[in-house]
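Two forms, one chain: they're shown below as structure tokens, one block per form, named structure 1 and structure 2.
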Structure 1
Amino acid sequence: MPFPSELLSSLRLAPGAVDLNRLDPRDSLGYDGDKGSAEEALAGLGVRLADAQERLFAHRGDAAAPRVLLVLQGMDTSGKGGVIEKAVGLVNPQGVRITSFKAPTAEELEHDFLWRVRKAVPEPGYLGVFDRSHYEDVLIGRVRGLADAEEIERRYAAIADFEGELAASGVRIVKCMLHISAETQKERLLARLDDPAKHWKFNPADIDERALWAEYRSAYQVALERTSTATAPWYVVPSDRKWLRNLAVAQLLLEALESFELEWPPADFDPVEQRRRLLEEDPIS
């Protein structure tokens, strides 16, 4: 069962106040399929995604080619890695540039918070994915007081400027906040604790951050309000159900890729002449 793309428009945050408590992490977005039909739909989307991404990649030699930047944010266990595996994984990895942002290194801390981010912006023709991003600098940065209030304040505007700049240079930015409930996070953390094959994904510090759930929620709300712009909107993706989350992000990605309405690049050679060279002058026939 396909995912009616018009339903996704409801995920797009309008500029203005945001109340995450009113957005349901289990919202079905009007999709009345189940897990099985969603996985089938995702496989179907995969074919279109792969085609759209190949068209983008075909333009990679052109400095004016568009690009897509998928920004993934969300609390621990919200599924940033899962989205990369299941949705981004549907396209040819050759054209994908994934950057996972960890705690900044000493060198990164010596620079403005956007320094490392600018270096990770995908080149023309590429699909870039940020697994966490510059938003950490106004999320954990704010919650943990890693910068003073004035600096945090400055960052919202700096982010909006930066993203505006990117958009003006042909980067289509898709920002997804993977929205889960505290209850779902607890279940997923417990599942990680109960399975030795998932211990590597668990960090006791995750529980420390969880204790600040309300503070993170406020920090997200402010960040979403201050940075959801016409050119770089935020989408709040209900993520308590993984299959709905994957399908929704894949659909958003597809819309971004198809929005360019890219034709295949025109040949800068004469195919007839090249055929003749190959057939009539072939030195090794």
Structure 2
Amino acid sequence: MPFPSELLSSLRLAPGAVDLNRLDPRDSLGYDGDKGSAEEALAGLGVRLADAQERLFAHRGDAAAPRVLLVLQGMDTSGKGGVIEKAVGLVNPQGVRITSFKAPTAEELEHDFLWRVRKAVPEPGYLGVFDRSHYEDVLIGRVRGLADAEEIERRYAAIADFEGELAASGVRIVKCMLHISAETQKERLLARLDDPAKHWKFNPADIDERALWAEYRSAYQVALERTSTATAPWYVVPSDRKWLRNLAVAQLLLEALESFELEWPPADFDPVEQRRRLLEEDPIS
């Protein structure tokens, strides 16, 4: 069973101060189903997701076509890759553009922090996914002191303005903070260390970052509070349960895609005439 709409809307961050300690990463959000039913519901959503995304992709030649940008943020092991595989993976990859923002290159450091982000914004008709995003510049930047306090403050405002511009130009922004507990992160890191098939997922630096859990929690709270707007709200998704996380993000994505109510674009040819040609003038017949 999918989430009832009122439960899904409860993920949307309310205006005001943010205290992640009061949001339970294992919260079921009142969902009555179990893992099996959630995975079944996710598969069912795939049909609607694929249809809605294909309708969007069919309009890619139209400069005025809408776009969707899914922003995924969260601590290490929160499930950004899992969401991309299980939820985004339900749609046609031809119409998806996935970008993961790593440490900026020397060229990127010569420009404003949003320079490289603007280049990755999805084109009309496409679904874009940011696996880590421009928010790294106010999260790691704040925690690791990569920018001074005045610059970090400027970036909050710059991000809000940037996302406002995107929304005004036809981009539907879905920002998901994948909220996990420190205990769950430890379990997932241990699972990576204990399984040779998952060693490639592990980075020793993850332990260094984990030592700064409280600092990152504080940085997230400020970023969420300062950049959750009417046109680009944050959704805080409980992510200790992978199956609930995947279903919730898939439904948020579906809601965004279906909000356009897109019809199939009309043909720029006469289908009846082309059918006649195929039947009567087929050179292979």
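All figures in this text were calculated on a predicted structure; none of them were measured in a lab. Residue indices: 1-based, along structure 1. We call the rigid core the largest set of C-alpha positions that still match within 1.5 Å between the two forms.
Asks: The form predicted together with a further copy of the same chain: is that structure 1, or is it structure 2?
Replies: The chain shown first - structure 1 - is the form that fits the description.
Asks: Determine, after fitting the two forms on their core, whether Asn21 shows a C-alpha shift of 2 Å or more between structure 1 and structure 2.
Replies: No, because once the rigid core is superposed, the C-alpha of Asn21 moves less than 2 Å between structure 1 and structure 2.
Asks: Rigid core superposed: how many angstrom does the CA of Ala267 shift between structure 1 and structure 2?
Replies: Taking the core as reference, the C-alpha of Ala267 is shifted 2.7 Å.
Asks: Core-aligned, what's the Cα displacement of Leu278 between structure 1 and structure 2 in Å?
Replies: Core-aligned C-alpha shift comes out at 4.1 Å.
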